[in-house]
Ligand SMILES: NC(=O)c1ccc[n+]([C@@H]2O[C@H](COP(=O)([O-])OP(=O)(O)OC[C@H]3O[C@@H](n4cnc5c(N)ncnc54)[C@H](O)[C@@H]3O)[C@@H](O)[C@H]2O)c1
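The data below hold one chain only, encoded as structure tokens and taken in the form predicted on its own.
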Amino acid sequence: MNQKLTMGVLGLGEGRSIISAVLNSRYWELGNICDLNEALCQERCQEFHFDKYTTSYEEMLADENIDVIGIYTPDQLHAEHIKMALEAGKHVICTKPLMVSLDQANELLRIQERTKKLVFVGQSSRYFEPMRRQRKDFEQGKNGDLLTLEAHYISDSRWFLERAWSRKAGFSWMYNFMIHAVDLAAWYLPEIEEVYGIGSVSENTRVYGLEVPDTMKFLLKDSSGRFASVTGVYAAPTLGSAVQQNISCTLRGTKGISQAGYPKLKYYTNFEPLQKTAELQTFDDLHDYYFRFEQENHHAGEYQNYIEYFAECLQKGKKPLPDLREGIHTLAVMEAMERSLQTQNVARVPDVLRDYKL
């Protein structure tokens, strides 16, 4: 790439990882950083030896040198921040979830069509090394025909509810956490039509004044009859990642099976010629690339992988995926999942899309 792209980063909590990604990428340069918390702005400037910040999103959007806005604000604010960036003529990278509901989906689609700017959803789990290798093997046909997959995201994340904004209206364990596992299922089964699930709210979540399910299990079925199971548990003890990966995706096919996960850099496969025990590949040499702060709490390497993919798409005129439409479809799957939890019946994704006129 001949000329670097310039990014402005909005939201400097999770934005810490994207700042590291930008500063370490040959494709990007950092144009500005922004947060309402000025002390946090100053902390990030000191940490990354950067000498510019603003507490005004409008000021950052007015900077003609910035090509792309990276949005890492609380989930409930994403839709409005995407809208403002598009109206300002900027491309957008937005962390998951794209939105917390589909109410503003049509408006965002209209604005994107009018402005001709791209929206890319930073589904980071796709860009962790084991998941990247798993996808490559799948696309090379090593699994054969996909029969089913199992995905989960399991973590004791009660610490998350210590953040005041997480206890405001709109917070959801499903949208903030389980979306990683749902996205992996939708990546391999892009035509999911029906979902069925059960869930419960534990006392560990209720103690924070929230009535949102923290333990859930779903079956997702696509138009061809293939299906996935997706599991999430977020407010209870775990076995620890040494025993069970926090995030996991297992692909079962006619020719072979593979399992990738996070945060351990391990990838299990059993492809033809089949063995009695799966082969293990490790990527320990990449640990410091993926995990740059506080052991394994921030995974900036995934962010660097996806912003470099986005830059290459811009350079080659390709559509980056997941884009706005794919992100909206994943949210429609999740809306159907919520409906199934409420009704205790099968819910259909086409019905959700019709209800929102999408």
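One rule holds for the numbers: they count along the sequence shown, beginning at 1. This one's a predicted model, so the numbers in the text were calculated from it and none came from an experiment.
Missing here is the form predicted in complex with the ligand; even so, the following discussion is about that form.
Shown alone here, Pro213 lies farther than 4.5 Å from the ligand in the model of the complex, counting heavy atoms only. Looking at Asn37, you'd find a heavy atom of it within 4.5 angstroms of the ligand in the model of the complex. Among heavy atoms of Gly122, some come within 4.5 Å of the ligand in the model of the complex. At a distance threshold of 4.5 angstroms between non-hydrogen atoms, Gly199 is out of contact with the ligand in the model of the complex. With the partner left out here, the ligand still marks one of 175-183, 249-257, 270-278, 229-237 in the model of the complex; by a 4.5 Å heavy atom cut-off that stretch is 175-183.
No member of the trio Pro190, Leu324 and Gly327 reaches the ligand in the model of the complex with any non-hydrogen atom inside 4.5 Å. This chain appears without its partner; in the model of the complex, the one residue of His152, Lys142, Arg126, Lys96 with a heavy atom within 4.5 Å of the ligand is Lys96.
Contact annotation: of the candidates Leu286, Leu146, Leu77, Ala88, the single residue with a non-hydrogen atom within 4.5 angstroms of the ligand in the model of the complex is Leu77.
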